[in-house]
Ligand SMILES: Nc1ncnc2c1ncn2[C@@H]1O[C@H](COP(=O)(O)OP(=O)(O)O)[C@@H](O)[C@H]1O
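One chain comes next, on its own, written out as structure tokens in the form predicted on its own.
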């Protein structure tokens, strides 16, 4: 779906790259690395929120995918109810039509918040806010979802529920997911592939295909533990805080 060639990003100093990597259509790819490795920078370049300093990005069939972005903070507007928050991208792109409200209701149900449309962000839990954020990112019918540490502030039980919900959204909607996380176990649990970036400037250290022979109970398998150990050792050798 996306091919990155020689991607770099410089501010006062280099923070990323050069990186060459391809993201295949309908795949689930996680990016991990020490703090300052440029994970979020890479994600923002992929989404088009910021531009690279050098290098090129090309797309399958020269068609840029429709993207939705989920930030670490849910970034909901507190004065708008849940449905109006989900509708916001359609309003901004002037795509409001009779089907818009139906789309918003459908996504609200898909993320497990049926009946919460008239609630305001201040009435929701952290997990519910993140579900709204995911629905808002998907309501335009995108086929590429980018997430920047979306579950890091949640408790473990809520986080696991949302991880499983995200996997279901990915599988049932045939979308591509690019997911930034600090958690090695989360990356292995969710992904088909884990990309490891070095300490800044971030460059490719590892590109690991995740073997998944089990869906239920995957975390208890030797494959899971072996892959977590392998990636953890890479990060330890690299140094820096994860």
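Fair warning: this is a prediction, and the values are worked out from it, not measured in the lab. Residue numbers count along the first chain shown, from 1.
Keep in mind that the form predicted in complex with the named molecule is not shown, yet the notes after this line are about it.
Residues within 4.5 angstroms of the named molecule in the predicted bound form, judged by any non-hydrogen atom, belong to 29-37 and to none of the other stretches in 203-211, 29-37, 171-179, 61-69.
None of 234, 228, 15, 23 but one reaches within 4.5 angstroms of the named molecule in the predicted bound form through a heavy atom, and that residue is 15.
Within 4.5 Å of any heavy atom of the named molecule in the predicted bound form lies no heavy atom of residue 52. In the predicted bound form, the named molecule stays beyond 4.5 Å of every heavy atom belonging to residue 191.
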